[in-house]
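A single chain comes next, written as structure tokens; it is the form predicted alone.
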């Protein structure tokens, strides 16, 4: 990472290699930020993140909680007059953040749940009762029923840096 907000051209080149040149097409019109549902509820400002990416300032982006407020709804991309692949850029920045050891607590909790259950949304007594009332098996035919499949999910997760990050917290 660059020090003292000095542009890091090597980092920016890595970002462009990952997401393409559309990051450079943004001319800061603000359409992404004004149409962002997350921006209405949080301090998330899409165009600020894009501008920092354009300037090659990972030290301002990667540790930022704002990076994790994007819901990947694609509203910004659909409305962007320049075709900037905003969600792809945010996803790439999140991947860089994780590799650098940064992740929101909510996302860490999701990873923990996935590791423990094989699902992002675990079942509960209420859900099992509702499934039974609907004539379904209480436990769906997924990893929740297949302990071997859960072991495979856990093995894959153990091979990644992602699991190490959540274990450290």
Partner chain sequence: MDLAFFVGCIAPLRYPGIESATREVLERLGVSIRDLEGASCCPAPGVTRSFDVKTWVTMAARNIALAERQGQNIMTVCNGCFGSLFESAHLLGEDPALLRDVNDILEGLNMTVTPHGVEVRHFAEFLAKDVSDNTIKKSFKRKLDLDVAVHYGCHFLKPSKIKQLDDPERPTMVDKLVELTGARSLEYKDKQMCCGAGGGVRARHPDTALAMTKAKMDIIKEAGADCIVDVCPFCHLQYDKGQKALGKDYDIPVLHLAQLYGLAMDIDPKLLGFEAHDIPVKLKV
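Numbering follows the first chain given and starts at 1. Just so it is clear, the structure is predicted and the values come from calculations on it, not from any experiment. Rigid core here is just the name for the largest C-alpha set that superposes within 1.5 Å across the two forms.
Just so it is clear, the following notes concern the form predicted together with the partner chain, a form of the same protein that is not shown.
- Looking at residue 42, you'd find a heavy atom of it within 4.5 angstroms of the partner chain in the model of the complex.
- For the chain shown alone, residue 70 is a contact residue for the partner chain in the model of the complex, at least one non-hydrogen atom being within 4.5 angstroms.
- Looking at residue 127, you'd find a heavy atom of it within 4.5 angstroms of the partner chain in the model of the complex.
- Among residues of the shown chain, residue 107 is one whose heavy atoms approach the partner chain to within 4.5 Å in the model of the complex.
- Contacts of stretch 102-120 with the partner chain in the model of the complex, defined by any heavy atom lying within 4.5 Å, are made by 103, 104, 106, 107, 110, 111, 114, 118, 119, 120, listed in sequence order.
- If you fit the rigid core between this form and the one not shown, you'll see the Cα of residue 146 move by 2 angstroms or more.
- Once the cores line up, the CA of residue 60 ends up less than 2 angstroms apart between this form and the one not shown.
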